[in-house]
Structures are given as structure tokens and as C-alpha cells.
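One chain is shown next in C-alpha cells, namely the form predicted alone.
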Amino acid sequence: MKQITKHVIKNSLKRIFLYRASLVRLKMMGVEKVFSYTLANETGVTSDQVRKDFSEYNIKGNKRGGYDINDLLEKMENIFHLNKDHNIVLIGMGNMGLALSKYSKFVQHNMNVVATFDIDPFKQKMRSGIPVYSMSRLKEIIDRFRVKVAIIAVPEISAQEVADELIRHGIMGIVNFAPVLLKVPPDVIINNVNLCDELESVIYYVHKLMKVDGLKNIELLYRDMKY
């Protein structure tokens, strides 16, 4: 039975990403040790939350002496299996897919986009660093490179069909950039990334802040008029 998704990306895991980014920055500044309250200030959470998140992922440190930054980063690499290479396929070579195929950070994190796919014959003739194949070769490439994770960057109308085909060929995890919630079997992990939703959420809070600031200005103006 297919469903929206059984596996939800935990907020604690998202915070680990934030801690890691802060640790990398601190390391570049020459810092060797860090305390939970430092990471809390850097990421906008409490010290208790930092320690709780670390405990959930079995990250331990010296409360008095602080955490060794290199040791923390190594443990986080183990969490994300960054000490191994991960082969990935990308479906859809429109503007989004093309941008993703050129994203250099993937390689830095041992994530290798070994092949891209598109139904457009013209795009299959593109000559760049990563080959563009027809969908008929999907199973062949997945089997050859032992791929378990895929990125979908296709139009909404074809996203579910593409996801179904990927899963039939052994894909266990999908990052979906199509603006649609995909339905998958319970043992498949889906991370839906809707850029419009992300942008609209920021716009919502911007207008909320503007409204608050506007009310404050009205209160100040009213107070000035009284005096």
C-alpha cells in the first residue's frame, strides 16, 4: 500500500546539520573546543537542546572541557555516512535539474551524481561532465552503480510515474523537487522539497513582521500626538 511517507525527517537531524555548519565555521576561525552553550547561541536553540540532540545520536563530550570540534565533525560524518561514497541519479534536466547536476557541494560530501535522465532526445545529446540518458536505461545504470538514492526534478504531472519506476528498480530514497506529494511504499524514504512553499513561508513571516512594526509605529505616532 502506498502512502505519502512513513519516514519524516526529524527536526533533531535538521539541527545536527546546523550544528555541523557552525562547527565548520568555528574550525575555520581556529577554534578547537566548543561548549554546548556556544552551539546554542550559534544556532538559536538552548544548551539543553544541543545536549539532547547529541545524546539522541550518541555524540558524547566532556561537559567541563567542552567538545573537541574535530571529534564532533568526525562523529557527524559517521551519522551521515560521509566516510563512504554515495551514488545518485537525477531525473529531469530542465532548469532545476541542470542546476542540481552542477552543484559542487555534492562531490565535497561524497555524493556522486553518476547519471542524469530526461525524455528529451536533444538533452540526451548534451555533452557535459555528467551523461544524460534516456529513461529506457534507468535500470541498467541503477544496477551498474548500485544506486539507492535519486533526485526527481521533473514536472508535477510525471513525478509520481517517475517515482514508481525508480522504486521498481530498487531506489529506496528520493529527494523530490516536483511540487507534488508522492505516494510510496512504507519502506521508501521521501523528502519533498517545494521551493515555492519555502519562499511563501518566508514571505508570510516578513509580512507578519511588517504588520507588527506598522502597529508599533502607529502607537508611537498616537503617543506623540497626545503630547
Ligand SMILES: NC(=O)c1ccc[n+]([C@@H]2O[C@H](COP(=O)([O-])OP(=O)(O)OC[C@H]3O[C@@H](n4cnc5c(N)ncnc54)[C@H](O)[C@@H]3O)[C@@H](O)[C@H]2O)c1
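Residue positions are given as counts along the sequence shown, with the first one as 1. The model shown is predicted, which means the values in this text are computed figures rather than measured ones.
A second form of this protein, the form predicted in complex with this ligand, is not displayed here; the remarks below concern that form.
Participant: Using the partner position in the predicted bound form, report whether Ala150 sits within 4.5 Å of this ligand, counting heavy atoms only.
Facilitator: The answer is no: Ala150 has no heavy atom within 4.5 Å of this ligand.
Participant: Is Gly44 close enough to this ligand in the predicted bound form to count, meaning some heavy atom within 4.5 Å?
Facilitator: Answer no; every heavy atom of Gly44 is more than 4.5 Å from this ligand in the predicted bound form.
Participant: Glu161 versus this ligand, in the predicted bound form: is there a non-hydrogen atom within 4.5 Å?
Facilitator: So Glu161 counts as contacting this ligand.
Participant: Is there a heavy atom of Phe54 lying 4.5 Å or less from a heavy atom of this ligand in the predicted bound form?
Facilitator: Heavy-atom contact with this ligand at 4.5 Å: absent for Phe54.
Participant: Only one of 172 to 180, 45 to 53, 197 to 205, 27 to 35 has heavy atoms within 4.5 Å of this ligand in the predicted bound form; I'd like to know which.
Facilitator: Among the candidates, contact is made by 172 to 180.
Participant: Name the single residue among Asp120, Asp85, Asp71, Glu140 that comes within 4.5 Å of this ligand in the predicted bound form, judging by heavy atoms.
Facilitator: Filtering the options by heavy-atom distance leaves Asp120.
Participant: Out of 46 to 60, which residues reach within 4.5 Å of this ligand in the predicted bound form, heavy atoms considered?
Facilitator: Residues within 4.5 Å: none in this stretch.
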